[in-house]
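Take a look at this single chain in structure tokens; it is the form predicted on its own.
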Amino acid sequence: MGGEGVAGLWYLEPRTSLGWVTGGTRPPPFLSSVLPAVPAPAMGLELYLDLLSQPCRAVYIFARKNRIPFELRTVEVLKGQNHSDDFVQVNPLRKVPALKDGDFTLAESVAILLYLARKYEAPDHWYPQDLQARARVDEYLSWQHTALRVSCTRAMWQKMMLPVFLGQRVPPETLETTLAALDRCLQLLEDMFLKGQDFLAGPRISVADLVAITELMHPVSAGCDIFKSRPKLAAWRQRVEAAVGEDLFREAHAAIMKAKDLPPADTAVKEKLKPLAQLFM
């Protein structure tokens, strides 16, 4: 007779008289009363990402850097794939990133990053156990949603995506206001979070730095040289890239850095993206 197989799966060898080859996750009926049931194997981790999205890039870099095994499920937002029936089953909010871990699903990039850090026991510096060190990370993650996120996204869309991809004119005064708001956010980033330390929340890189750098690469992709007049911020960027690994950093940002070369959207795509365009104007 056979026995217990790899990862606790029951199997019977093909030489048995009953002819079973592999028996799935349950023992044959005549053994069920004497052998404990074996749970079904968990499905692998799936990450639903579009690397044109800054929070998706943060999740991607974190998972790759920490050697977390996952299946990449690409969701192209510009094609409206986030509204497909299949994706809505994973994330009813219709946003990326999204996570599926067996039967468990999760939305929102910060929640996903912290879930991965805890489940896979990432090195402590990513999300420290120390109460006050962790609070510094949380402080940045709470601030950035309505500050740097908004300014960086609007700058990229107003300077590149709206006029180049969608063919929509952006009034100069609108772009000027957006870039001024971005500059104020960058000053706060330096003065309140970076200060005189190497990284945003302390002496080592954390998820706060990943979330920040991926946001800043949005206006960079549109031609905004936000680091030129800010040597402190430029030095921080170099430290983040070195900590992540330059190859991984370039890989994660390859798509957004080529976004300026996207062909103009057709009428159908423009119609789908109209609500998004209005949001960033």
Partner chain sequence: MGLELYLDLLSQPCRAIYIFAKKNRIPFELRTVDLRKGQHLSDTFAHVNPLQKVPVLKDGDFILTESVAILLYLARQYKVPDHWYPRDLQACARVDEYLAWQHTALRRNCLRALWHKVMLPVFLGEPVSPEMLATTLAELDMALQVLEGKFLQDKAFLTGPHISLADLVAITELMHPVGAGCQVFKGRPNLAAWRQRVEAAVGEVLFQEAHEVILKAKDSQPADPTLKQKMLPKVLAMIQ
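Positions refer to the first chain, counted from 1. None of the values given here were measured: they were computed from a predicted structure.
Not pictured, yet referred to below: the form predicted together with its partner chain.
Screening 70 to 78, 201 to 209, 104 to 112, 164 to 172 for residues having heavy atoms within 4.5 Å of its partner chain in the predicted bound form returns a single hit, 104 to 112. Taking the partner from elsewhere, every residue among Pro92, Leu131 and Asp138 has a non-hydrogen atom within 4.5 angstroms of its partner chain in the predicted bound form. When its partner chain is considered in the predicted bound form, Thr146 lines it closely, a heavy atom lying within 4.5 Å.
Taking the partner from the other structure, its partner chain in the predicted bound form has a heavy atom within 4.5 Å of a heavy atom of Leu188. Among residues of the shown chain, Ala180 is not one whose heavy atoms approach its partner chain to within 4.5 Å in the predicted bound form. At least one heavy atom of Arg154 is located within 4.5 Å of its partner chain in the predicted bound form.
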